[in-house]
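This document opens with one chain alone, in structure tokens, the form predicted on its own.
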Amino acid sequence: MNRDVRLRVEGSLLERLIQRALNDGASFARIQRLGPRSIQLDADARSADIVRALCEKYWLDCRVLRRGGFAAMRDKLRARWTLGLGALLCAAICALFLSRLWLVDVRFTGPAPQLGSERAIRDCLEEHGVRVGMPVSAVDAELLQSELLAGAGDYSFVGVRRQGVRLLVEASPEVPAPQVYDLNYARDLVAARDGVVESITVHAGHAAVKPGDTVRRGQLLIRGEEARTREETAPVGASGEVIARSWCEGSAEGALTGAALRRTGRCEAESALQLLGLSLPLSECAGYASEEAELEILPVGGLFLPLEVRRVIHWETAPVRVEADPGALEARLRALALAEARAKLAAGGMDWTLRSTWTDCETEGDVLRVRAVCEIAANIAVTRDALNQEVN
């Protein structure tokens, strides 16, 4: 039996009240005596209505202490009808929000994309009507994927996915095709730069140098021929790697002494009265051939009248010899020399690994010269055609 309603009845002859309620069809889950004139009843909603009707008939005090079940829920909903309206409004707003596209993300995978690749993809999406706030149902992911592959750039893969209110575009830049060698085409590999050979790996052809040899730029490293028999050789396309130590230099120089302008202490002044672009000279001066000028402004009219006195002081200057800070100059020249050496390596167009760097300084007169050397390890084996193109 449920206990949806809890009642408290106060009065006399409460046992007869309970018996009369039982005779009328009421049933109770619990009856508790609270005092000589007070009892507490737990019953269902129908039994509670019977007890309340009897209490009203016989003028007894009956109070509802607790009400539960469907009836209580119904009463609460009636009392708080705005709660249901708010829930419906919230559900409508959520449905409207979830039916629109609010995020458009572009993600790249694989090789690093080119500068401006994301902007190109977003421009292509805008051309096809994809914008924040559009209906999600209007987004055709397969069509967008095809359009981006065709017009957004060189990509090996473009994927478009809808994730709720988010549109995710994943793109992978196209990987350039590796260089293909024709093994039947006669070709030698020569040194791209001066260096000392550390290791040789020959895939096709015949090595013309060995580890420890010093080679010059353009010297033959791997000969493009292979022995067919003891007396016969056949031309092939040489292929392999020749790792060599090489060096690249950079230099910078700077003067230990220099000229600077210093004030001699002599000065002259001129002044003028100025109002709204109009100027009235008050005093004049000839000035100096080499000078520094200082401007002083004295307001005369205050906040209401833009009248002011402009006074210009001309300070005479003369060149003097000053000595530079040797430590600071050397540090700056070392950085410049190393930067020049690294720039030369970057302009060489080959992959290299930096082994070590060092610098040396020499002073000649008042000039400080710094030489920086970068030692690298690189594959210096290139074709003659590539070497000639680099020269041109």
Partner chain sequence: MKSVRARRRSGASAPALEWLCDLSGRTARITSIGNRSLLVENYRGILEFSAERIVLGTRCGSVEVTGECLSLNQVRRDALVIEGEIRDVRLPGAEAAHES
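Residue numbers count along the first chain shown, from 1. What we label the rigid core is the largest C-alpha set whose atoms superpose within 1.5 Å from one form to the other. Fair warning: this is a prediction, and the values are worked out from it, not measured in the lab.
Omitted here: the form predicted in complex with its partner chain. The next part is about that form.
**Item:** Option touching its partner chain, based on a heavy atom within 4.5 Å in the predicted bound form, out of Ile50, Cys361, Ala29, Leu60
**Value:** Selected option: Ala29.
**Residue among Cys55, Leu329, Ile39, Leu338 with a heavy atom within 4.5 Å of its partner chain in the predicted bound form** = Of the listed residues, the single hit is Ile39.
**Item:** is_contact(Lys344, its partner chain) in the predicted bound form, heavy atom dist at most 4.5 Å
**Value:** It does not: once its partner chain is placed as it appears in the predicted bound form, Lys344 has no heavy atom within 4.5 Å of it.
**Message:** Even though the partner isn't displayed, in the predicted bound form is Arg33 close enough to its partner chain, meaning a heavy atom within 4.5 Å?
**Reply:** Arg33 belongs to the contact set for its partner chain.
**Message:** Taking its partner chain as it sits in the predicted bound form, is Arg3 in contact with it (heavy atom to heavy atom, 4.5 Å or less)?
**Reply:** Contact with its partner chain, yes.
**Asked** Looking in the predicted bound form, any heavy atom of Ala377 within 4.5 Å of its partner chain?
**Response** Looking in the predicted bound form, residue contacts with its partner chain do not include Ala377, since no heavy atom lies within 4.5 Å.
**Prompt:** After fitting the rigid core, is the C-alpha of Cys361 off by 2 Å or more between the shown form and the other one?
**Reply:** No, Cys361 moves less than 2 Å.
**Prompt:** Taking the rigid core as the frame, does Leu14 move its C-alpha by 2 Å or more between the shown form and the other one?
**Reply:** Yes, the C-alpha position differs by at least 2 Å between the shown form and the other one.
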